[in-house]
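A single chain, nothing else alongside it, follows as structure tokens in the form predicted alone.
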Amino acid sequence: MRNEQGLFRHWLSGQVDWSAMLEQDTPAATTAAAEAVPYHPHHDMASARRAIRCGQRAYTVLAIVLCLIFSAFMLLTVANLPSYGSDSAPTVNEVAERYVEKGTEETGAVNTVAGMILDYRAFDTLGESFVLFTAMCAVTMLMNAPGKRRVRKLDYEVLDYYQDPIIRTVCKLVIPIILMFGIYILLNGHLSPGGGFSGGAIMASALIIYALVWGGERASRAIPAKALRIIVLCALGFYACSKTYSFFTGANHLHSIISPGTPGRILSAGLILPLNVAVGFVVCCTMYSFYMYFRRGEL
């Protein structure tokens, strides 16, 4: 038994990495560990290994126990929920009836879902949009954290899709079609199934395909990161400011300032159309930003 204190102190200070050697229960690992640091007379390598392994086992057991407790809690919650169609179910109340019977009249949206999430519950949707914005901010800070070496430019491409004439030609035709379809879904969200979330995701897929085929460097020049941030901030600011009219007109959707218009027309449903556009921009820029951040990689 030799120099355990020196080994342990060097390991705690980060000067020596023993994780690989501790997993090997061989004399060679012990010999290499003894030669790496100065000699101390009271070292017990086996005790250090046992302590680390006991800590790992305790952590694993604690994690399993917490997962089981949480799973049991969730199962008990589901078991005590009212049955489907029950009169005591929280969803069976006057709120759903109001949405179905007077949704088109009060919001002007033929799509009841769009009228619900962008008029009756517009502030909930604003919170969901801020969740996406917060996630993008968190990824930006993590990817630009100090002490990390990022791959700025790759010397080679694992798969260079641009060199394939079939893929390049097909994408030139498909990308505009995807963008047009996303815009259609975005602008007709109050008239048909769709809206800001789905339309924004479709438009983001077109931008991702462009970056995948033409390369991240060219895509960054075409759509700078600064422009994406400005678009997201303007969209969220417009959404937050435009819905403040509800504080003045009342919670019962008294459209004294902005009329819902004629149901079925593209320029109708009050603010639902511009709010759909704002949400679509947030979703599109967020998804595209995530792809561009993770595409660069990290060392």
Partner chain sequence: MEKLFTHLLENYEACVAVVLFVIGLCMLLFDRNLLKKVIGLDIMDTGTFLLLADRGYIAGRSVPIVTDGVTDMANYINPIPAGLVLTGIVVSVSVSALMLSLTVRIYKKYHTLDMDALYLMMSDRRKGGRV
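Just so it is clear, the model here is predicted, and its values are computed rather than measured. Positions refer to the first chain, counted from 1. What we label the rigid core is the largest C-alpha set whose atoms superpose within 1.5 Å from one form to the other.
Beyond what is shown, the protein has a form predicted in complex with its partner chain; the following relates to that form.
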Exercise. Is Val277 close enough to touch its partner chain in the model of the complex, meaning at least one heavy atom pair within 4.5 Å?
Worked result: no
Exercise. According to a 4.5 angstroms non-hydrogen atom cut-off, is Gly85 in contact with its partner chain in the model of the complex?
Worked result: yes
Problem set entry | Any non-hydrogen atom of Pro193 within 4.5 angstroms of its partner chain in the model of the complex | yes
Exercise. With the partner left out of view, is Val110 within 4.5 angstroms of its partner chain in the model of the complex by any non-hydrogen atom?
Worked result: yes
Problem set entry | Listed residue that, although its partner chain is not shown, lies within 4.5 Å of it in the model of the complex (heavy atoms), from Leu132, Cys171, Ala211, Leu187 | Leu132
For this session: Could you tell me which one of Ile166, Ala138, Ile177, Ala227 places a heavy atom within 4.5 Å of its partner chain in the model of the complex?
Result: Ala138
For this session: Could you list which residues of 207-224 come within 4.5 Å of its partner chain in the model of the complex, counting heavy atoms only?
Result: none
Problem set entry | Threshold 2 Å Cα movement between this form and the one not shown for Ile209, core superposed | no
Problem set entry | Core fit, then Val92 C-alpha moves 2 Å or more between this form and the one not shown | yes
Problem set entry | Is_shifted Ile64 between this form and the one not shown (CA, 2 Å cut-off, rigid core) | yes
Seminar exercise, completed: Under comparison with the form shown, the C-alpha atoms of Asp87 and Thr104 in the model of the complex shift by 3 angstroms or more, placing them closer
For this session: Say whether the C-alpha atoms of Asp87 and Thr112 sit closer together or farther apart in the model of the complex than in the form shown here, given that their separation changes by 3 Å or more.
Result: closer
